[in-house]
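Shown next as structure tokens: one chain only, the form predicted on its own.
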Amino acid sequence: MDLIPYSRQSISEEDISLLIETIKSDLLTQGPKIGDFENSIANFFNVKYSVVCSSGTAALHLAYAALGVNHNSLGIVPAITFAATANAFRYQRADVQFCDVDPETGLILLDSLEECMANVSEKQKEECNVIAPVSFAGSVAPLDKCRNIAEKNNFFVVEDGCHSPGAWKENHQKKIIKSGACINTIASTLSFHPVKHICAGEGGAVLTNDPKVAEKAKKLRNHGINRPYNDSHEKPWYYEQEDLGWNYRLTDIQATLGMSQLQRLASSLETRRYLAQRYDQALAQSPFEEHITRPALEKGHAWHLYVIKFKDYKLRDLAYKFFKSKNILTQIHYIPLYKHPYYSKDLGELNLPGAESFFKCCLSIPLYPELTEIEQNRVMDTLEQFLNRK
């Protein structure tokens, strides 16, 4: 049988045609496509500024660094996320504290966040500190409530929105909270990795409504270099390195692909939501409902991942192996970050109950726009075979 991955990129003929056109052009990196892509992103998310860069990790690093995160800073990160959310703080030599997550959704747990804040000293609150909620799997984090907690404690909020472009959620006051809109955050970040909604091969973006953050991020992505003069000046070639930055530039080739993909984001989201609804309908039936907890079918969910949870956690690893034996790939999102040796050697043994519960039971099953109904049925048939095995 053909392999069914847990996720994969979707490349159209139009993508390929536009890429060929760019490859034949005079500029392959830092040409006109960069500005075009940034403007398209800013317009889509209705923010003032977009700064594209080489990866989602680079976007997080640029956002933190542009705010002024340094060796005196503290970053608070939900334990269920990819390593980059925390690592980018460590690149700036900041301390990282892990916050628990809701055991049902994997989203940042506000009670745990309040507990983290209670342990932050008044002296520490004078530094440049950041809460980094993750809009996990495509569900928007409680950004408005994170902002309220942050403001009381002199923290910034930077959303890791790499799973959730185009996602939205209605809060208890019936207000729409949009991922990436930067209404409740100083900045949000995107990833253009192949398994994400917008594929550019690799890449990322910092979104913000703050001109200083945008200017700083743009400078830092290019070695900290500033070019103060325009073409009319007697020395238009002159430049100065004002900060120690990095080579986090995106190429015109990547920007071309990303811009083409962005134009299809709405239809991609529609397909993901349709496939998630099919999964939901199937999992509501026997024998699945006896063994599986399915994710809530939220209206504005972006469905980067479809994460099922086994009521008996002992079944999760067996299911992973069973799927693989049938040429279907699944994935675990994620091992709590405090369990990784890099963090555990400094933080010691941690046990956040929500993160532990989510991790032990979670399994991401295949979901991507080009997943066919036949392939999706095969996934469900395989899961049924697993649950009915003797």
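None of the values given here were measured: they were computed from a predicted structure. So that there is no doubt, residue numbering starts at 1 and follows the sequence shown.
Another form, the form predicted in complex with a small molecule, is not on view; read the next lines as being about it.
Shown alone, this chain has one stretch from 213 to 221, 154 to 162, 167 to 175, 312 to 320 that lies within 4.5 Å of the small molecule in the model of the complex by heavy atoms: 154 to 162. Remark: residue 354 does not count among the residues lining the small molecule in the model of the complex, judged by a heavy atom distance of 4.5 Å or less.
The small molecule is not shown here, but in the model of the complex it comes within 4.5 Å of a heavy atom of residue 196. In the model of the complex, no heavy atom of residue 109 sits within 4.5 Å of the small molecule.
Taking the partner from the other structure, the small molecule in the model of the complex has no heavy atom within 4.5 Å of any heavy atom of residue 50. A heavy atom within 4.5 Å of the small molecule in the model of the complex is found for exactly one of 85, 251, 184, 73: 85.
A heavy atom within 4.5 Å of the small molecule in the model of the complex is found for one listed residue only; from 81, 139, 129, 260, this is 81.
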